[in-house]
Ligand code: AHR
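Given next, in C-alpha cells, is a single chain: the form predicted on its own.
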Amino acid sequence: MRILSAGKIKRFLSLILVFAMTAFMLFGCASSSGRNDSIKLKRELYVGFAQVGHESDWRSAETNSVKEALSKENGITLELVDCDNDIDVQREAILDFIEKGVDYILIAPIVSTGWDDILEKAEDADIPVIVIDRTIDDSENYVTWLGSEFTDEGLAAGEWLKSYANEKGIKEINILEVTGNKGSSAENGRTAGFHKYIEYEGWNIIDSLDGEFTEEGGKRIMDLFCEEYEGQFNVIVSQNDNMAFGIMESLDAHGISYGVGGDVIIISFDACTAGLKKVLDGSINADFQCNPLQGPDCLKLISDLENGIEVQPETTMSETWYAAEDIIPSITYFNSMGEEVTEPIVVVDEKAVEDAY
C-alpha cells in the first residue's frame, strides 16, 4: 500500500477545504443571484431607479441586471435615470419619482450621506425605498439594503497580500492606492478593510488618490504617481477593474513591469470579465469580486413586499476571490462582524472568465 507523505496529506486536505468552501460560496449564498422566473406580481408596478451612472463595466452589469429583472414581462414599468455621478441629479430624480407617485424607488446612492430629508419625503408619500450596492448612513427611511460587504473585500485583499508576500519572500511592501469616489460606501469599506492590514503589518502607503472608478481616472492618477514615485513602489491597489486598466496603460507607457513576474503587484476589485482576463494572463495578481447581478434579488424583494412578507434589513451578495497563481489556496481572517472565516482563493481559468459578468 502506498503511503502519502505528510506534505502531500496536508496539500490533499487543503484542496478538500478549498473545494468545500467554493461549493459553499457558489450554492450557499445569502442572495439568490439567479433568475426569478416563478415570480408573478399581482398588479402592474411602476418603479423608479436612480442609478449612479455608467462609469464602469461593473455599473453597466448592475444596470442591465436590474433592467432584465424589473421588466414589462415581469409586470413592471421601470423608469431608469442615469445620474452620471452627479449627486444633485440623483436627488432631483428621486424627488421626481416621489412627485410621480411611483410604487417603489430603487437607489444606488452616489454618496452615503445627505439622504435623510429626501427619504423622509418618500416615507411620507408611502413609497418603499430599496437601497442597492452602496449604503446610506444618515437615514433609516428605507425598507431594505441589497449589496456587497465592502469592508470584507478590503480585509480579504489585505490578508491575500500578506499571505502572498510571505510565500514570495517579499519583505517590504510599498503601496500606491487608487480609490473610487470619495465618500461612497464602496470606497469607505474597501479602504477601511485594507488599511487595517496596512496598520497591522506596518506596510508603507506612499500615496492614495481618487480615480473616480473610471479607466481615464486610473491612468491620470497613475501618470502622476509614476512621475513622482518611480522606483519607490511595489504594490498598487486599484479599487475597481476599470481603473486598473488605466493604471496598466500608464505603467506600460512608463516601462514599469507588473503582475506575475513583474516588479509591481496589482490588486483590483470587481472581477468583471475583462478584469478576470487580465488575471488569467497574469497582468493582475488578484481580483476581489463585487457582485453586480442584483436584479433578481430586487425583484424578489419587491414581490415579498407586495405579498406582505417581511424582508430582512440587509441582503449580502455572495462573492468570490480570484488570483493568477496557485500558491494561496485559501485565506483566514476576521471579517467585518469579527468572525474568523476561511475562504478559498480561486485560480482563474477560461471557465471563470466565461462565467464572469
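Small disclaimer: the values here were computed from a predicted structure and weren't measured. Residue indices: 1-based, along the sequence shown.
There is also a form predicted together with ligand AHR; it is not shown, and the following applies to it.
*Asks:* Is Lys300 one of the residues lying within 4.5 Å of ligand AHR in the predicted bound form, judged by heavy atom distances?
*Replies:* Lys300: no contact with ligand AHR in the predicted bound form.
*Asks:* Would Trp58 show up as a contact with ligand AHR in the predicted bound form if we use heavy atoms at 4.5 Å?
*Replies:* Trp58: contacts ligand AHR in the predicted bound form.
*Asks:* State yes or no: in the predicted bound form, is some non-hydrogen atom of Asp133 no more than 4.5 angstroms from a non-hydrogen atom of ligand AHR?
*Replies:* Although ligand AHR is absent here, Asp133 would touch it in the predicted bound form, with heavy atoms inside 4.5 Å.
*Asks:* So in the predicted bound form, does any heavy atom of Phe97 sit within 4.5 Å of ligand AHR?
*Replies:* It does not: once ligand AHR is placed as it appears in the predicted bound form, Phe97 has no heavy atom within 4.5 Å of it.
*Asks:* In terms of non-hydrogen atoms within 4.5 angstroms, which of the given stretches 111 to 119, 154 to 162, 232 to 240, 277 to 285 touches ligand AHR in the predicted bound form?
*Replies:* Looking at the other structure, the answer is 232 to 240.
*Asks:* Here the chain is shown alone; which of Val178, Ile107, Ala186, Met248 has a heavy atom within 4.5 Å of ligand AHR in the predicted bound form?
*Replies:* Contact residue from the list: Ala186.
*Asks:* Judged by heavy atom distances of 4.5 Å or less, which residues of 249 to 284 approach ligand AHR in the predicted bound form?
*Replies:* Counting only heavy atoms within 4.5 Å of ligand AHR in the predicted bound form, the single contacting residue of 249 to 284 is Asp270.
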